[in-house]
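Okay, here we've got a single chain as structure tokens, the form predicted alone, with questions on binding and movement later.
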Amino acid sequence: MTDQQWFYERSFRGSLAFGAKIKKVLHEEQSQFQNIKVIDTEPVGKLLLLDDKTMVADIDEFVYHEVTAHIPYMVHPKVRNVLVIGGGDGGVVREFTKHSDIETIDLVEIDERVIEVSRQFFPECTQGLDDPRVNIQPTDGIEFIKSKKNQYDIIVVDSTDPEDFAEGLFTKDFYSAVNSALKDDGIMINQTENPFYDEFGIRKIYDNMREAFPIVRSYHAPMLIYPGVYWTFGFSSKKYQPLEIIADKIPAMKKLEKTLKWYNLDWHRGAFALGNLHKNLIGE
């Protein structure tokens, strides 16, 4: 909800709220799928809202995008083909384009207007979308994945919360389809909500992932604009453990680290160390 001065996003069954003082409403429209709004705020800069839910902010977008791209890249020995489902803001794609050995990056975003609005108001996020390796496909990711077999090395599911049309991106059937679309040693990364405010049944999400993948781990990073700040991500793999960093990639990553705002190899190694609440909730 918004008033003339403040934006609030309520979560956890309406009992928790993130708020930010508004400087200006920059854009608002109703697309075929959702309400899209961009506001400029005092504490977090520009903020992208989909159906009044926070998606991307200037202050912390790099955290989410760097940790979802560079972790699987540093674990997989030969990344050639990548798929990003969702992520119309372009941030995850931007991070993958920083690796010259990747050959193709497919971006499947159901709402093309999210991409266009992000190009206008979040150019730092979308700067990788014009890379010649990037293929943008404005279509339903759930249907798209069904037609792909043994094609991708990494698939990132950059989804909204598991409700409405995004609910299907958290099911056992969807994760099984992702498994089929991955090559024999492929990796899936997805966002898995906040364990303190377990509004969407995190244990069920991880159980569904375990039905589809032999290796399932969880890691965490701070996201200031998301409920509770402590955010979790799933690492699901057919073959590789998340701490098996490829030694040959370390020299190049050491150079790239100097340009990144969050990810580094030390953080990578520590991100999979979980507290007992986190472990117990996901069933580790």
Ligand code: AG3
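Quick caveat: nothing in here was measured; it's all calculated off a predicted structure. In case it trips you up, residue 1 is the first one in the sequence shown, and so on.
This protein has a second form, the form predicted in complex with the named molecule, left out of what is shown; the following refers to that one.
Not one of 95, 185 and 235 places a heavy atom within 4.5 Å of the named molecule in the model of the complex. Out of the listed residues 126, 208, 160, 81, 160 is the one that sits within 4.5 Å of the named molecule in the model of the complex by at least one heavy atom. Stretch-level contact analysis of 212-220, 28-36, 51-59, 247-255 against the named molecule in the model of the complex, using heavy atoms and a 4.5 Å limit, identifies 51-59. Under a 4.5 angstroms non-hydrogen atom cutoff, the named molecule in the model of the complex has residue 65 among its neighbouring residues. With a 4.5 Å cutoff on heavy atoms, residue 191 counts as touching the named molecule in the model of the complex.
Heavy atoms of residue 240 never reach within 4.5 Å of the named molecule in the model of the complex, leaving it off the interface. Interface residues of 167-186, taken as those with a heavy atom within 4.5 Å of the named molecule in the model of the complex (partner not displayed), are absent.
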